[in-house]
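Just the one chain here, laid out as structure tokens, in the form predicted alone.
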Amino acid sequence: MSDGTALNGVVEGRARRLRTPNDSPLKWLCLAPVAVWFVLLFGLPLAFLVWIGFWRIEDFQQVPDFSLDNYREIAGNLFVKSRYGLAMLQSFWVAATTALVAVAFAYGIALAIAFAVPAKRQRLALLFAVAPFWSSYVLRLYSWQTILSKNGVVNSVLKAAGIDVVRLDVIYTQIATRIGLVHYLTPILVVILYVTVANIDRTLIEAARELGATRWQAFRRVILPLSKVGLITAGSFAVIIALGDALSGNLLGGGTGRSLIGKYPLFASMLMTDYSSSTNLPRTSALATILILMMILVLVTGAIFAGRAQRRISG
């Protein structure tokens, strides 16, 4: 066998092994940083947090163990004493209503950027839409405190205009909590929804219009159904972020801001209070584990509904 034939055989053999880019051995090298990041910065801390939740307190010391006492104590105080159950209901209520408002607001902005702004200006418009995200979240909440407080900007303007009978009284309520959360979530949701809306096939919209559909009918029968996956994903994301946020609830909601459910704190705020005022770190870890399970429940539910919506679109 000549050298040329052998070389060709080697090249053909390698080509067979590397039929697609995914067959390259370099993929493991590329995936290594992701795996390291996931294990070191997410998996191990999460596993440690869950493990501490099973520890117990003995003589004011944390004792490694596998005890369910912390979870029994939390279950026993769901609706008495600490009332963890009511805090969970408050969190789900505030998170769901916040997500509804934030997604509707962000969807309107995404539609405006995708359909009302010239294509060459859309990136700039998107940049302006996410600009608030560059500033500190805490500073934004303090700014909202200044705006919404009883002697704040809004009430001062109303007083200066001679409208004393109308006063904004939402600070330290869950309405103020929602305002802070919507401000925080909107830039993120705009990006998610813009990607969804921008990828809708424009020929389908043009076909609907040519067949006599009005703008509203084209939106309701073409754009909205094709946006469902993005809307569900954005909604799930918003609920998860709102469930885990304690800053808006503490700084704008006052910790125990009132809502339709009553004057109860958010579960995340209760967790932070438990952490700062108690020496029972295992119980705080158990509360954090329950909060993570609540988020996973929302994530799985959102994934199921998004999958169904995707199958309907594909079918």
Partner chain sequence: MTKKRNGKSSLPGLSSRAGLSRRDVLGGMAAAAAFGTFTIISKRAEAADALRILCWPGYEEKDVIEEFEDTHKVKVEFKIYIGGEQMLQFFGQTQPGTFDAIISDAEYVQKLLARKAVEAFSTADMPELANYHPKFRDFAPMRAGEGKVYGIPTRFSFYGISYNTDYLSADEAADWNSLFLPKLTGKVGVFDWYLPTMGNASLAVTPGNQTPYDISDAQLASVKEWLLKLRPQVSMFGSSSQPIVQAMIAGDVYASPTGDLDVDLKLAGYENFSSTIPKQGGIRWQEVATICTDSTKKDLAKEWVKYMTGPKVQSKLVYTKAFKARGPNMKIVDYWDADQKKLLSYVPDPEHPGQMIVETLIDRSMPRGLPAQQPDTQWIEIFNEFKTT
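Nothing here was measured: the structure is a model prediction, and the numbers come from that model. Positions refer to the first chain, counted from 1.
A second form of this protein, the form predicted in complex with its partner chain, is not displayed here; the remarks below concern that form.
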| item | value |
| --- | --- |
| In the predicted complex, the one of Ser82, Thr186, Thr233, Thr196 near its partner chain [non-hydrogen atom within 4.5 angstroms] | Ser82 |
| Three-residue site Gln122, Phe128 and Gly180 fully in contact with its partner chain in the predicted complex at 4.5 Å by heavy atom | no |
| Leu40: touches its partner chain in the predicted complex, heavy atom cutoff 4.5 angstroms | yes |
| is_contact(Ala99, its partner chain) in the predicted complex, heavy atom dist at most 4.5 Å | no |
| Distance check, Ala106 to its partner chain in the predicted complex, heavy atom within 4.5 Å | no |
| 4.5 Å heavy atom contact, Tyr275 to its partner chain in the predicted complex | yes |
| Contact stretch among 108-116, 233-241, 210-218, 168-176 - heavy atom within 4.5 Å of its partner chain in the predicted complex | 168-176 |
| Residues of stretch 139-172 in contact with its partner chain in the predicted complex (4.5 Å, non-hydrogen atom) | Tyr142, Gln145, Ser149, Lys150, Asn151, Ile171, Tyr172 |
